[in-house]
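Below, in structure tokens: the form predicted on its own, a single chain.
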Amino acid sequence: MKVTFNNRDPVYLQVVRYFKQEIATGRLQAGQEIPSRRELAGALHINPNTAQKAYKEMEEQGLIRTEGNSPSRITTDERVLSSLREELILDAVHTFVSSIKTIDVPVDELLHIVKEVYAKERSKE
């Protein structure tokens, strides 16, 4: 498990985003057991209270479910799972558009540049 934390966003939200990305890309499967809160805190070198807050947020968003003393698992709710990819894409697009709009680049030119940069980045993988 590898998360690179930034200084802008609360750590627990960055953990939630990491899980969303792992689910959206299929690295975490529906129904899959996830580490305990303490295990996650140890693996990511974060405070156990932060891990608890991240799990609480994921439970509220329906990303994970925890029943009694059983381990937490990724949701099997198809509606939640199918919306994750779109949510992540829209978040990234909104962030990009907010940062680029002051330059006032024509959409066609912008799309051309994005396609080129995206293709170069994908070829590095």
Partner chain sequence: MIEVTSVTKKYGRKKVLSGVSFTADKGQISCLIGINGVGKSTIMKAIMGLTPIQGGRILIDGQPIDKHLYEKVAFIPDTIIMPPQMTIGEALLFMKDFYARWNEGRAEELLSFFKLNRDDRISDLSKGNAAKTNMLLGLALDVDYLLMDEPFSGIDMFSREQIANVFTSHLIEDRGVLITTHEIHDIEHLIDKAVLLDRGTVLKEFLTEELRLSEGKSVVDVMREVYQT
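Positions refer to the first chain, counted from 1. Model, not experiment: these values are computed from the prediction.
If you look for the form predicted in complex with the partner chain, you will not find it shown, but the lines that follow are about it.
### Query
Pick from 28, 63, 84, 41: which has a non-hydrogen atom within 4.5 Å of the partner chain in the model of the complex?
Of the candidates 28, 63, 84, 41, 41 is the one lying within 4.5 Å of the partner chain in the model of the complex.
### Query
Only one of 105, 11, 24, 114 has a non-hydrogen atom within 4.5 angstroms of the partner chain in the model of the complex; which is it?
That would be 11.
### Message
Residue-level question: is residue 32 within 4.5 Å of the partner chain in the model of the complex, judged on heavy atoms?
### Response
Looking in the model of the complex, residue contacts with the partner chain do not include residue 32, since no heavy atom lies within 4.5 Å.
### Query
Would residue 48 count as touching the partner chain in the model of the complex under a 4.5 Å heavy atom rule?
Flag for residue 48 set to yes.
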